[in-house]
Ligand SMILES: NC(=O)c1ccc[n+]([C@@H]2O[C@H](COP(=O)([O-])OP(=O)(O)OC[C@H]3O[C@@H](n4cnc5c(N)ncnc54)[C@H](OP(=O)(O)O)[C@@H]3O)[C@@H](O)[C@H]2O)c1
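Next comes just one chain, in C-alpha cells: the form predicted on its own.
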Amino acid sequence: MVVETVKEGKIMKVLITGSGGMLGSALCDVLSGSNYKIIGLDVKKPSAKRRFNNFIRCDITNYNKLLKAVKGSGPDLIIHTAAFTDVDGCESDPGRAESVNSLGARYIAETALEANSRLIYISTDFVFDGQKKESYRENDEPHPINIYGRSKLDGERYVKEIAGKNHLIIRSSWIFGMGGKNFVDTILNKAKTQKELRVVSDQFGSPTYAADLADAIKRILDILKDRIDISGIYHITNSDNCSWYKLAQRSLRFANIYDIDLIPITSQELDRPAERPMISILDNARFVKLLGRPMRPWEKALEEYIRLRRQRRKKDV
C-alpha cells in the first residue's frame, strides 16, 4: 500500500508490500485514522472491506512489473511486509522461500534504490538458532536453523548491501492478529473440534500483536519525517515472553474455553518438518530508547485481540 501524509505542504508517500496480509492489514487500519492516503500493493486483489484509496496488483518476484509499480507511485519510503511465512511450507518448498523471501527482498531493495526511496524491511526472530540463554540483541550473530530463517536472513543481507544506510530492518516474532494465519487462531479453531491439544512447552519467544507492531511502525514513521539518522536493525515485540504452551493456555482462558485438555510436550516430541529455535526472545532496548517506552505486555495485547476477534465473529453471524 502507498501511504501519503502532508508535511510542510509536501506529500510523504509510503509504499507497503503485502497490504492484504496480517501486518499489512494492521498498518492499513492504523494509518487510516490519520492524514494518510493508502494504496495497496499485493499479489492478490484486496478484500472489499479494506479501506484503500487505490490498489496496485503486483507480484514482488516479477522485477520488471515491480519496478514499474514502484516508479509509478514514486514513494519516499517503502515498507516491505510481503513474505512467505509458512515455516514448514518453506521447508518443503525451498524454491518458493528463496524466490519470495530472498529474491523478493532483493528486488524491493533494488527498486527502492532506483526510486530513491528509504526502505523498511520486516524480518524475524527465526534468523537466530535459539541457543543463547538470554534475549537476542540486534548485534548478535544470526544463525538460522531452518529454510524460512535462512531466506529472511538473505533478505536482510540484500537490503543492507543494496540500500546501504538508507534502510531499517525490523525483526519481530510470533505475530498474531486479524487477516492471516497465526498460532492463536489455530489453537482456538482446533479447540472447537478437539478435546485434547498437545503444545510445545520448551520453546520461548515474545508474542506480538500485529496491531501493536503496526502502531510502533507508525510512530517510527512520525520520527522519520524529521530525522534521517535512523537506520540499521530494531527488534520490536510486545513486552515479556512465554512458551508456545503458555500462549495456548492464555488464548484458551481469554476465550473462556475450559473443557479441553492442554498437554505440554517437548520439541523432540514435535513432528514438524522445520526445526524451531528454542529461545528466540528479542531484546527491545534499542527500540525503547528510540520511542521512549516499550510496547505493552503480550498478555494484555492477546486479551484485546481475542475480545475483538469475538466481536467481529458475532457481527459476521
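Remember, it's a predicted structure, so these values are computed and weren't measured experimentally. Residue numbers here begin at 1 and follow the sequence given.
Another form, the form predicted in complex with the named molecule, is not on view; read the next lines as being about it.
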Report task. Just one of 109 to 117, 67 to 75, 129 to 137, 174 to 182 has residues with a heavy atom within 4.5 Å of the named molecule in the model of the complex, so point it out. Result -> 174 to 182
Report summary line: From 247, 100, 221, 168: within 4.5 Å of the named molecule in the model of the complex by heavy atoms is 100
Query raised in the report: Is every one of 42, 61 and 96 within 4.5 Å of the named molecule in the model of the complex, counting heavy atoms?
Result: yes
Requested in this report: Report whether the minimum heavy atom distance between residue 83 and the named molecule in the model of the complex is within 4.5 Å.
Outcome: yes
**Report entry** is_contact(residue 123, the named molecule) in the model of the complex, heavy atom dist at most 4.5 Å
**Finding:** yes
Query - Residue contact check: residue 234 to the named molecule in the model of the complex, 4.5 Å heavy atom - result: no
Query - Non-hydrogen atom contact residue 148 with the named molecule in the model of the complex at 4.5 angstroms - result: yes
